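Take a look at this single chain, the form predicted alone, given in structure tokens.
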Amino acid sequence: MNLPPLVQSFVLHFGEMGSRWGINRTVGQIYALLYVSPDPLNADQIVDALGISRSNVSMSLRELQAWNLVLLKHLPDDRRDFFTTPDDVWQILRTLAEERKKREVDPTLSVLREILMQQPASEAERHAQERMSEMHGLIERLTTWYEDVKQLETDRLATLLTLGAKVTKLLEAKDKIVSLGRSKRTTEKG
């Protein structure tokens, strides 16, 4: 690789993690390189920086485009395609979440819906359907939550993520307020 040591470490790590995330090593490396690059890069620059074949770069860039993770740029007086990533890390997160939902969650929900519409032929199938129904309900609930959260403005989303487990304290406080309200109404009636 023809990269500064700090950048090379990041690019190599992303390549290793890519295979764990379901993408190949080269796709992960190219994405990492584009993410940290101050300027858009063309395919030849990526080949030179990473020391990989032109065809591998082209296929990887197509995959990144299919995931909506890279942006195509054109520079004045240059006919080549240049690539970069969105500047907003929150936009990248939203894109990744949406693309994973389309590729992984939506097909699973479709299959579960189809299976749950079938009439079970045995006790084992009835039991399996009950379990699948629980899974379907959970995934539907998570999908509804995701649809709500993805509409949040970035500042609100950041605040929500910062809250973490503190959200449970808010819910406990709400429960106490509701309980006190019920107690007060009961006392007033009595």
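Model, not experiment: these values are computed from the prediction. So that there is no doubt, residue numbering starts at 1 and follows the sequence shown.
There is also a form predicted in complex with a further copy of the same chain; it is not shown, and the following applies to it.
Comment: a further copy of the same chain is not present in this chain, but in the model of the complex one of 100, 113, 80, 73 has a heavy atom within 4.5 Å of it, namely 100. Using a 4.5 angstroms limit between non-hydrogen atoms, residue 138 touches a further copy of the same chain in the model of the complex.
Although the partner is absent here, residue 95 is not a contact residue: none of its heavy atoms lies within 4.5 angstroms of a further copy of the same chain in the model of the complex.
Using a 4.5 angstroms limit between non-hydrogen atoms, residue 129 touches a further copy of the same chain in the model of the complex. Residue 24 falls outside the set of residues with a heavy atom inside 4.5 Å of a further copy of the same chain in the model of the complex. For the partner-free chain shown, nothing in 51-69 comes within 4.5 angstroms of a further copy of the same chain in the model of the complex, judged by any non-hydrogen atom.
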